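Presented as structure tokens, the chain that follows is alone, the form predicted on its own.
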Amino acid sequence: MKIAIMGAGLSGLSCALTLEKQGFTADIFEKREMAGDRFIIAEAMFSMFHTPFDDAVRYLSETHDIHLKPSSNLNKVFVYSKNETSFIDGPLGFTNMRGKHPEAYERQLAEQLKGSIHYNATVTYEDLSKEYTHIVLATGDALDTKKLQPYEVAYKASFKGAIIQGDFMETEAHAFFNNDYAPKGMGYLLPHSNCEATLVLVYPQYPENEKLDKEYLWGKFFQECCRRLDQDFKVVHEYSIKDYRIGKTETPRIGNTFFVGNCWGAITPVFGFGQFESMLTGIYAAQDIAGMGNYEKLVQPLYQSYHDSLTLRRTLEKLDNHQLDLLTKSLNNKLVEELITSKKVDFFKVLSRIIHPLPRKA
């Protein structure tokens, strides 16, 4: 059995590590010159979206022997709408670094590998399929999946982000919902340290948003962020992305080709994070290859979580600023906060089923 993994991101490396622990080796091909060779950005792993796994980092360590060191715990998330402010308190999850940061999750996973990674590799799927018995597609690009099977795009997203300097609490995150600058989208701030943070504006590229001036929206968002946090932030580095596809595959496996990470559809549509889901797909693919499980069955709960997340996104997109204010204000209710942070009840799953009670084929 010869195994090739295309991509040294979260899913590809998680797959390779799991295979190694079962006595298998895989050839990993990465087109960039290092793991995590992209812009630096902070991301979040919220426990409230990972039920029944209330602590993703602990679960990966204790169950799969994959060890990650987050940047910080998350104990409070402030939520801002046009005229309201609220917060959610408790053990909410973790922040972590991605990209070229020395503590990026990609680098942490690569350092745990016993085998090597072929960097600057310009191999194609067609070439590898002639030499290898199993291929794991983990390039992070939905367009690579579309060459081989249907990929249902829920929406394309437009991003504008920056690394900013200021005064931050590392355990606190900030989320912004305001259609004036984030039409049907959101903005967020995640600290890297007590003096540096990632600031991101993201919104879907629906036809009504195509003609919007991203730089103008970014300027309004940046000013609002400075005003709400009462600081004069300094921009250190900026980046911009367009046509970022959020969606899912029709099937997780075709023959001995496994689709994992973003090639499978690991980004949760509601807020756009998906590190834990990406790693799980890589682990599940490795378990199937090693004869320890069935990949198609293992990912079914992830497919359902994707549909539940998409239901919540479609609902949020329908809210105007007044309704977003009411939603933000409701977070001040202690019962609502307890439901959201409960480890016994999957609040978002229950809510999505109430909104969309008919079962979906995952």
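From 1 onward, residues are counted along the sequence shown. Source: prediction; values computed, not measured.
Keep in mind that the form predicted together with a small molecule is missing from the display, and what follows is about it.
Participant: Would all three of Phe78, Glu84 and Leu312 be in contact with the small molecule in the predicted complex, where contact means some heavy atom lies within 4.5 Å?
Facilitator: Checking in the predicted complex: none of Phe78, Glu84 and Leu312 is within 4.5 Å of the small molecule.
Participant: Of Lys329, Lys31, His64, His307, which one comes within 4.5 Å of the small molecule in the predicted complex, counting heavy atoms only?
Facilitator: Result of the distance check: Lys31.
Participant: Taking 4.5 Å between heavy atoms as the contact cutoff, choose which of Val123, Ile163, Ala110, Leu148 touches the small molecule in the predicted complex.
Facilitator: Of the listed residues, the single hit is Val123.
Participant: In terms of non-hydrogen atoms within 4.5 angstroms, which of the given stretches 163 to 171, 214 to 222, 285 to 293, 265 to 273 touches the small molecule in the predicted complex?
Facilitator: The contacting stretch here is 265 to 273.
Participant: Should His134 be classed as touching the small molecule in the predicted complex when contacts are defined as heavy atoms within 4.5 Å?
Facilitator: Flag for His134 set to no.
Participant: In the predicted complex, does Ala44 have a heavy atom within 4.5 Å of the small molecule?
Facilitator: Yes, Ala44 lies within 4.5 Å of the small molecule in the predicted complex.
Participant: Wondering, does His192 line up within 4.5 Å of the small molecule in the predicted complex on heavy atoms?
Facilitator: His192: no contact with the small molecule in the predicted complex.
Participant: Closest heavy atom of Ser71 to the small molecule in the predicted complex, within 4.5 Å or not?
Facilitator: Ser71: no, not in contact with the small molecule in the predicted complex.
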